[in-house]
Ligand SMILES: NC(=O)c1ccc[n+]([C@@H]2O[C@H](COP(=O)([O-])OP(=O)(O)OC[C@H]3O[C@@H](n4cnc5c(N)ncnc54)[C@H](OP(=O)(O)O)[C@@H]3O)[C@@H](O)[C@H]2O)c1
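The chain below stands alone and is given as structure tokens, in the form predicted alone.
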């Protein structure tokens, strides 16, 4: 049995589908029972619990061959790092209590840094907590900037024919499709091909700038004049607040944008950490979203 936390999320759902496609026995953990039906209909087991419920979480982990552990985002948290610590500590305690021996932890590019990375700082702390567990093999997956992050621009494209964020348009970013993160996680969970405490970076198919991403999207949606614009930190922070983000989360996201702009978040590309899905392939989703 392989246990997936955050099973209804963007990455967890794809891992679950991948494992079920391979005939693996899966236990899905999420708070929304209705969203788990898609997996239980395919033979998965389900546990509708919060990751803060440590004892129930330990019961779910008990007897598992491997666990996919992640801290789901909570963008309304008044103190996001405290929220990450609370969930992260619960996960660590449950892993210890359950006796599970293999854990794949969803971290992030930049998690080697202790500070100045916004929400990634909490993932650095979680890596440290997991590294202190004895006799458990832990693999930290550190994926880069998600291609799916660009989807937040759909309304801007529709209404203003622009894309934008606080990240500079000319910064070369490795970008990854979440389906590639899920494929890597599913492989390691199935093969259990790691030992001790280890790290795997996942850097997408290639580096490209958000200026280049806008050009690619523009070609896909027949808007060749589509431009990417860097918004000021202050304007971006206000926009995040307007989207329902807490003041603390908005501040942390600005800090993360600064880290990208200043080249703090990076890793060396290799054949092993390069994943297959190109941005051109991913961008095929934009026409149906922009013109629906």
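Everything quoted here is computed from the prediction, not taken from an experiment. Positions refer to the first chain, counted from 1.
As for the form predicted together with the named molecule, it is not shown, yet the points below apply to it.
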| item | value |
| --- | --- |
| Sole residue of 161, 149, 89, 215 within 4.5 Å of the named molecule in the model of the complex, by heavy atom | 149 |
| Partner-contacting position among 49, 254, 229, 267 - heavy atom within 4.5 Å of the named molecule in the model of the complex | 49 |
| Contact test in the model of the complex: residue 258 vs the named molecule, heavy atoms, 4.5 Å | no |
| Touches the named molecule in the model of the complex: residue 30 (any heavy atom, 4.5 Å) | yes |
| Interface membership of residue 72, the named molecule in the model of the complex, 4.5 Å heavy atom rule | yes |
| In the model of the complex, residue 105 touching the named molecule (heavy atom, 4.5 Å) | no |
| Per-stretch contact check against the named molecule in the model of the complex, the hit in 184-192, 162-170, 128-136, 141-149 (non-hydrogen atom, 4.5 angstroms) | 141-149 |
